[in-house]
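What follows are structure tokens for two forms of the same protein chain, given separately as structure 1 and structure 2.
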Structure 1
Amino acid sequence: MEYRDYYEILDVEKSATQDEIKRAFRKLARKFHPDLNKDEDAEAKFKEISEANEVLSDPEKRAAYDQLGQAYRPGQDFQPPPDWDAGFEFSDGPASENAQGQDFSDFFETLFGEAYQQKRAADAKARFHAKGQDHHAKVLIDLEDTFHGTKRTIVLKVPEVTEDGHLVVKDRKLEVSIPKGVQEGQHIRLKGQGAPGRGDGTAGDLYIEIVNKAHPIYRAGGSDLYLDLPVTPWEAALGRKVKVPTPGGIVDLNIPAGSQQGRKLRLKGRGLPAKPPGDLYVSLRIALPPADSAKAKKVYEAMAELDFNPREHLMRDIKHGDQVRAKS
């Protein structure tokens, strides 16, 4: 998938005002609209400029796109970084009239597909609904916040258009209670923190989607946690009791004798809080000590006397394959 420069498509500067973007789109739309232009590529061009306008005419999408686009060039291979839009506040407003019914590119769908579908679903009721629009935002939290629960001050990026039509991004600070045991993908509802209502209508709500920050040692999957645990060859071969860090503190884990690389052991109830609590799954990773001393080399030389060849099955499989090919 290639990165798309929407400013280049509409032939406007990145500093263009919202009115300048609107005028540029209207000019190109008149030129390439399939009803007015019968060239073979007119329809594809109209679709392209409609897509660019759908992003740049929407201050929320434009602000997120601007931040993402600082590191990319047109045509460059593109894969959005995880949670690239975290911290941006998006509304549930209807899609633009020119965008309705359009099938946009994979680039657009990857970035804005979910939000765009929400807008299209809101079209039918938006004109008659007095309540303010609901807003959505992703927020990154530490795994420890999930385990213990906490109150946090979060800062959301809220795009605004100035009186002269330029786009600015302002910070909005909110106090949010992170409930104990909240999982990635769940939403926290902040009542009345969305857009103001019309007339006497109530304000919309703000839905905070929880996303876990990458943790240095744990990986989360629902309420379960996963940990790669380094062990020595003798701990794996002979069996030992070792110390293992868990979110609730350090515990003892029995390594069964004869354990192999990748063996999984479960610490029941040592994952994230839930009903029932999640488990902690420990994957063994055998770590070899360096042969950087006379003592270490002597130990390795003694191990070399063992009747053990980890490649024996490879040689056996190759010989078997040669025999099969010789018979055929």
Structure 2
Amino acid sequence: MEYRDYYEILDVEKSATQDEIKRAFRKLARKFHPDLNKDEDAEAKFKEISEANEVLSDPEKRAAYDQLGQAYRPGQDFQPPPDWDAGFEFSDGPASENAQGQDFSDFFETLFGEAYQQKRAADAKARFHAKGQDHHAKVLIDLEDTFHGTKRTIVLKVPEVTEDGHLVVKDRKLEVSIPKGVQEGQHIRLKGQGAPGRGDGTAGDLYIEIVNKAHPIYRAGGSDLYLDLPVTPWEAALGRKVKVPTPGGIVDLNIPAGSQQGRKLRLKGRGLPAKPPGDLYVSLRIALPPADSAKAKKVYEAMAELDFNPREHLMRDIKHGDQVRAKS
């Protein structure tokens, strides 16, 4: 078991006042709350700072932790000395609101867990029925998966109270079918796969959020897809039929004559499966051939004979002063 430096986690001095600890925790909680921060490690970080706050915000626990921690560095292997908590009295109050239902580290459970474990075991035995907590998980899927559906294995950490009242954390693996047509941001509910209920209470549900992996060529927005399509200047100017990849296969797309950079063309029903199916929006990106050969240079020089000034509108409403400055 590794020693945890709760002061370092909250980024406060060892001499910080209770108010400073409160402020540091609140600031970090806003930054790493998993509903606000979509980074993958935000949830773990939020648990870590909640755990640190659980100890440091309580003067009794903080005093005990301080006495214990003098000889340790973070990450160092840690064994609590026997009777380490002798002389400290822990109030039997409920865990703070942020701590409810959280699974803290082994380090925390070893030091402060006993009171909670006894309380949880007592709760479990009491004639008290409550629905179990709902759990949350995220799965990353490929865009292609939305066409055929897929299966994903999810590993959940499940705290369990054993018969003798000890708390253990077990891995629970679930193979989940992801139905076809699912979209980013949608949730799938697995009934009864959350935390077990207390007494006769039913188990909670498991909510799985769907997140799309970045695709090399498409971007998804709901059931619509977006694709940047490089075209040559002559394809854009003269119009041409070009081949375009869609998730359902390659199709022919008519580039209308006189197309400009960024023109959007819609391929109806060529997006993701849904009712109705999404569309594929193609944005034209005009790619210029390099002028790295005599032939290419000749073509560009021929184009220079065109009466074309793309900066004309910049010069039209210019102020007199600007013109003078530009000349000098």
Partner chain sequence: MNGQILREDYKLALTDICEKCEVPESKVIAYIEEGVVEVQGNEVKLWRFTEASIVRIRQANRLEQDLRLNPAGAALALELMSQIEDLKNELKRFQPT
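Everything quoted here is computed from the prediction, not taken from an experiment. Take the two forms, superpose them, and find the largest set of C-alpha atoms that agree within 1.5 Å; that set is the rigid core. Here, residue number means position along structure 1's sequence, counting from 1.
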*Look at both copies of the chain and name the one that is the form predicted in complex with its partner chain.*
2
*With both forms fit on the core, is the shift of the CA atom of S259 between the two structures 2 Å or larger?*
no
*Taking the rigid core as reference, does L190 move its C-alpha 2 Å or further between the two structures?*
yes
_R62 C-alpha moves between the two structures by 2 Å or more, core aligned_ = yes
*Could you check how much the CA of T150 shifts between the two structures after a rigid core fit, in angstrom?*
2.4
*Quick one: how many Å does the C-alpha of I49 shift between the two structures once the rigid core is superposed?*
7.9
